[in-house]
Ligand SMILES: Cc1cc2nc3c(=O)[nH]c(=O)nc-3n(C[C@H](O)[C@H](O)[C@H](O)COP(=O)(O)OP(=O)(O)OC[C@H]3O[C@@H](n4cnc5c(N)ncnc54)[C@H](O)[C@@H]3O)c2cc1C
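In the form predicted on its own, a lone chain appears below as structure tokens.
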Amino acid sequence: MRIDQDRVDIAVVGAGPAGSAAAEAAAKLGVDVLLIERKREVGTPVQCGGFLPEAGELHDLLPNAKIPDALEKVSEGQTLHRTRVQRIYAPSGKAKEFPVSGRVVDRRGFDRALAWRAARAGARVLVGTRARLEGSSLLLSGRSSGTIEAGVVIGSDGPSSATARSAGMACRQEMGVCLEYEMVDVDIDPDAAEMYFGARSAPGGYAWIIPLGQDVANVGVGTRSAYLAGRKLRDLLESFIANHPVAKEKLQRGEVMAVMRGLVPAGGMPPAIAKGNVLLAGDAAGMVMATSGGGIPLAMVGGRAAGEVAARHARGEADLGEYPSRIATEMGRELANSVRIREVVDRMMRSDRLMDALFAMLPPDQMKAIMRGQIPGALERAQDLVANR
């Protein structure tokens, strides 16, 4: 299908949570928006889990952010399960926990609902369409084809963003790699989202069990290539399920119903998230908490900011340079702190003994602070522990 228009105010590349939030926000301000998705079906295949903090937790996580309504008021139809506790296991098998109100969403349905919101706000949506940036033009191919001139291009096309590369904004950074199984007939605590640390289970990262119901869970492992040392991610996950002294008792009867894998930016935001008429949002902009790999809330906050700034620019009311400043205000401190925390913990992850020592030093409330991108005093003392090793 040929596109019969040759110019739009804003073109958003990628209809994940960041892109759909950007398109909805821009369209609500009355500008011409095109949302382009290379997949034939938004939300498919699912590439990561769907754990989201509840609204109150989101405001504690990002106290200066403008939380999108679609994130704050997730419909019950998109919610698979709710949890109330986060439990963290040290390599020794000892656990600490703290209260976190969370929900697991159906990512396919959630992502599709976000795109529906953008369309209902007035954005035009093209699926099954690739967009290649050349200068200020987007060359479209696939289900829709043609050339579009865009006043602003918002690149929300994932951690390996082609838009960022074409705009000269991509930077080399370490990526996290994750593999997740959906498992049924598991003997889990349905109230607790669990994280497991240890060099054998998840070197340089962590394994997890996130309930989807009473006996259904997402079970996964995430790490970085530098820590794999020739091992395969699948072997790590299979070993965690079969051999972890705590997890195996919960998972040994489980059957795998689905397999999901993906990439996660692990180094924070690149030096530039705005250049010329291009803005980056979501994974394309490294908007992921380095402490946990969680990115949906930050992606949607970043997408909303990008869409609003781009729309105001299209109406002659704002400069695109406002976007990095707004991101710095809404999530900059939390993102920077999460990278700093990860760098400290990285030096300890190669030794289960050091990880156990760190675990012993951190009370539950400070563990929760770390997950939120806050740096407690005990973590400062941990740096001294590493330095004096």
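Remember, predicted model here, so these are calculated numbers, not experimental data. The numbering used is simple: start at 1 and walk along the sequence shown.
The discussion below concerns the form predicted together with the named molecule, not included here.
- Of the candidate stretches 309 to 317, 243 to 251, 173 to 181, 146 to 154, only 173 to 181 has residues whose heavy atoms lie within 4.5 Å of the named molecule in the predicted bound form.
- Put simply, residue 263 is close to the named molecule in the predicted bound form: some heavy atom of it is within 4.5 Å.
- Using a 4.5 Å cutoff between non-hydrogen atoms, residue 23 does not count as a contact of the named molecule in the predicted bound form.
- In the predicted bound form, residue 47 approaches the named molecule with a heavy atom inside 4.5 Å.
- None of the heavy atoms of residue 96 is located within 4.5 Å of the named molecule in the predicted bound form.
- Checking 193, 188, 278, 296 against the named molecule in the predicted bound form, a heavy atom within 4.5 Å turns up for just one residue: 296.
- Residues from 14 to 40 that approach the named molecule in the predicted bound form with a non-hydrogen atom closer than or equal to 4.5 Å are 14, 15, 16, 17, 18, 19, 36, 37, 38, 39, in the order they occur in the chain.
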